[in-house]
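Shown below, as structure tokens, is a lone chain in the form predicted alone; questions about how it binds or moves come after it.
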């Protein structure tokens, strides 16, 4: 297959986006794991505030790499190189004045595999606020309850908060990780295939949680499941071999994409 990629945004989406507050923006973003291996190539995208944006594309297309750049998780990998800019709320996150602790408090992360800490349910959720200086037990109680409610987990665990988080089911552990991210009061929540290891019922609960977060937080989700992207997101970005092919409102991208390559992907002709 000959691939000719030049990213596009429809005029309708540009008009719609003009009415949105942009919270994340990349400008000519290139990312290298090694000097001769570009994982992202000239990515330019604007992500609106308090909406759900999904990244789709075949394995290895760069969607998770892009997501992890938004809170500089890729900094943990040796020998990486970043070119261009990533702006969050108008500030370049690679500016020397940016503290990683502040960035990662503002931009929370939920990973593909749930990773609860080996401590109680309550301590998992309270962990971040305590690290950030909150010591008032009454305030912590409020934060824990509110975060678990938002993650649609409170009713299931309210009578077992002192139990180990490791005793929860896989789906409950993933919602606990969402609650743990919410406890830091982020502006943005990144989710890297949060339901890929879960059964359909648990996946449904994660999707319901994402829907509840819409309008309160900016959610950016990477998913290999196109049906999931269509169900949960307001906007969808399709990526291929490190490049942004198309970014549109989700309904347009899945029903009337601008790019032939996008249509070929969503109709299953490759990928």
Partner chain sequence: MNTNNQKYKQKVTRANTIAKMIISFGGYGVIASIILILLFLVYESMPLIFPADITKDQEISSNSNEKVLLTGIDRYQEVTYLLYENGGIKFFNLNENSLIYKDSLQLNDGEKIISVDKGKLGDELFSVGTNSGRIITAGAIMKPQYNRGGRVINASFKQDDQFGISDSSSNTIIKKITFSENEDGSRFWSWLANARLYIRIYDADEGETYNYDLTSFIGEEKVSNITLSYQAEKLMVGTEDGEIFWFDITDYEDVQLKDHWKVSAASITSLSFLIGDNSLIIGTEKGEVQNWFPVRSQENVFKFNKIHEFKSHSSKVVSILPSPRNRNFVTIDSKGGIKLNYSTTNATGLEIEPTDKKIQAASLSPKANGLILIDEDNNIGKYFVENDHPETNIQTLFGKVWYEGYEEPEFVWQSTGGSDEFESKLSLIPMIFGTLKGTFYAMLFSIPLAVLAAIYVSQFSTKKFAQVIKPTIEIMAALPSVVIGFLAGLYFSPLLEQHLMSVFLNMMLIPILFVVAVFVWRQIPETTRVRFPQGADLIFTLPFVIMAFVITAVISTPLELSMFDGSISQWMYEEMGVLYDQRNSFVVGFALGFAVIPIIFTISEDALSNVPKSLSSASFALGASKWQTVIRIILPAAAGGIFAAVMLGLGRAIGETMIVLMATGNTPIMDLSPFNGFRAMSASIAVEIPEAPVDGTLYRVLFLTALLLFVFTFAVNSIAAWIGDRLRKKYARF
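Numbering follows the first chain given and starts at 1. Since we're looking at a predicted model, the values are computed, not measured.
Same protein, other form: the form predicted in complex with the partner chain, not shown, and the subject of what follows.
Residues within 4.5 angstroms of the partner chain in the predicted bound form, judged by any non-hydrogen atom, belong to 166-174 and to none of the other stretches in 136-144, 195-203, 83-91, 166-174. Shown alone here, residue 184 lies within 4.5 Å of the partner chain in the predicted bound form, counting heavy atoms only.
For residue 99, a non-hydrogen atom is located within 4.5 Å of the partner chain in the predicted bound form, even though that partner is not displayed. Among residues of the shown chain, residue 119 is one whose heavy atoms approach the partner chain to within 4.5 Å in the predicted bound form. In the predicted bound form, at least one heavy atom of residue 115 sits within 4.5 Å of the partner chain. Of the residues in 109-143, those that come within 4.5 Å of the partner chain in the predicted bound form through at least one heavy atom are, in sequence order, 109, 111, 113, 115, 116, 117, 118, 119, 127, 128, 130, 131, 132.
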